[in-house]
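Below you'll find only one chain, the form predicted on its own, shown as structure tokens.
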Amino acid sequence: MKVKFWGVRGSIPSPRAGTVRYGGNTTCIEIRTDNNELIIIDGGTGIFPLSQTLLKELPVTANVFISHSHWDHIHGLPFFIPNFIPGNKMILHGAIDPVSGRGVEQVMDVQLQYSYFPVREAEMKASIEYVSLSPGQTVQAGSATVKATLLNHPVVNFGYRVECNGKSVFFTGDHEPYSNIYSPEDESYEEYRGLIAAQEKMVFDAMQGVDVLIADSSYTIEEYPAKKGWGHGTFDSCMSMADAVGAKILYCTHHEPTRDDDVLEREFAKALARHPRSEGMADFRLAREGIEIEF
């Protein structure tokens, strides 16, 4: 299996001199099975440079999995070049919107209005299919299985575990560690603690023993108190999670858009110092645009 990062910034594209090393595109991950079948997780701006590389292998069938519908995870989809070329096929997977009741087709429908984009879906030449997923559902994508797990974010957010020939990768999308919204003296405290413990167990079970864990680590532990409830993790929470589930490698991603590369490396180093490694423990790394992992 191969994994390549095409976008690792969170919230908004951040191209500038200070982000050149790690990249300024928003979330997009390319996964190739051992049979070279194409799986894409999230359609941030990184999906545009990815799509340019696909022109040399047309026709393309792309299974695209959307973690959630916030802009930085979908706003590159209208620029996915194979959709404009006959003979290609995109199968878009994602959650049902509990507010509108509509499936993942809403992600494209909203963006491809003339008010926001000059080309309607009806004018695109490729075949586009939609698969709306429920929490816990597993689907086949070529020779790989992909399971959707509900994580903690202000909108429905699926983490995806992709497995093929005994190899596995899990991407969290945007995820904040679970915490109790009640104070200990509140009568609802114990009941809510039980609910979040069950939810965390479900998430950790879905990640258990994964070869590559890619996780939202937007904030430092110093920044987090002011951002609590925004739906994002920290370097430290991701490192603790990787150790808890027995992941082999952790890639921290969704880098804070205001954080330049030098500061990103400095804050990551501080977190590493708080989570010393020994033989057999997970290897912690920063996700970088252009990195390709083969395992």
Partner chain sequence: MNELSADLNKKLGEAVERMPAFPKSVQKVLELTRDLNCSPKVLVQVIENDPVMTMKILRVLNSAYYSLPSKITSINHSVVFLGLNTVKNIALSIAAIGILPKQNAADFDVNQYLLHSLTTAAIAKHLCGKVGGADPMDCYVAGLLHDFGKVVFAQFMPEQFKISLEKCQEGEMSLFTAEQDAIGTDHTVVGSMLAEKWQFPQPLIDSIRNHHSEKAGETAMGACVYTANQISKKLEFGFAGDARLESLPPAVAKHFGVNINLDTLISSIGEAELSKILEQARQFSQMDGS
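Being a predicted model, the structure only gives us computed values, none of them experimental. Residue numbers count along the first chain shown, from 1.
Omitted from view is the form predicted in complex with the partner chain, to which the following refers.
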| Wondering, does Val119 line up within 4.5 Å of the partner chain in the predicted complex on heavy atoms? | no
Partner contact for Pro135 in the predicted complex: the partner chain, 4.5 angstroms, heavy atom: yes
Exercise. Using heavy atoms and a 4.5 Å limit, would one call Phe204 a contact residue for the partner chain in the predicted complex?
Worked result: no
Self-check item: Partner contact for Asn165 in the predicted complex: the partner chain, 4.5 angstroms, heavy atom
Solution: no
With a 4.5 Å heavy atom cut-off to the partner chain in the predicted complex, the contacting stretch among 81-89, 121-129, 182-190, 105-113 is 182-190
Practice problem: Please state whether all three residues Asn152, Val155 and Ile196 have a non-hydrogen atom within 4.5 angstroms of the partner chain in the predicted complex. | Solution: yes
Of the residues spanning 84-122, the ones with some heavy atom within 4.5 Å of the partner chain in the predicted complex are Ala95, Ile96, Pro98, Val99
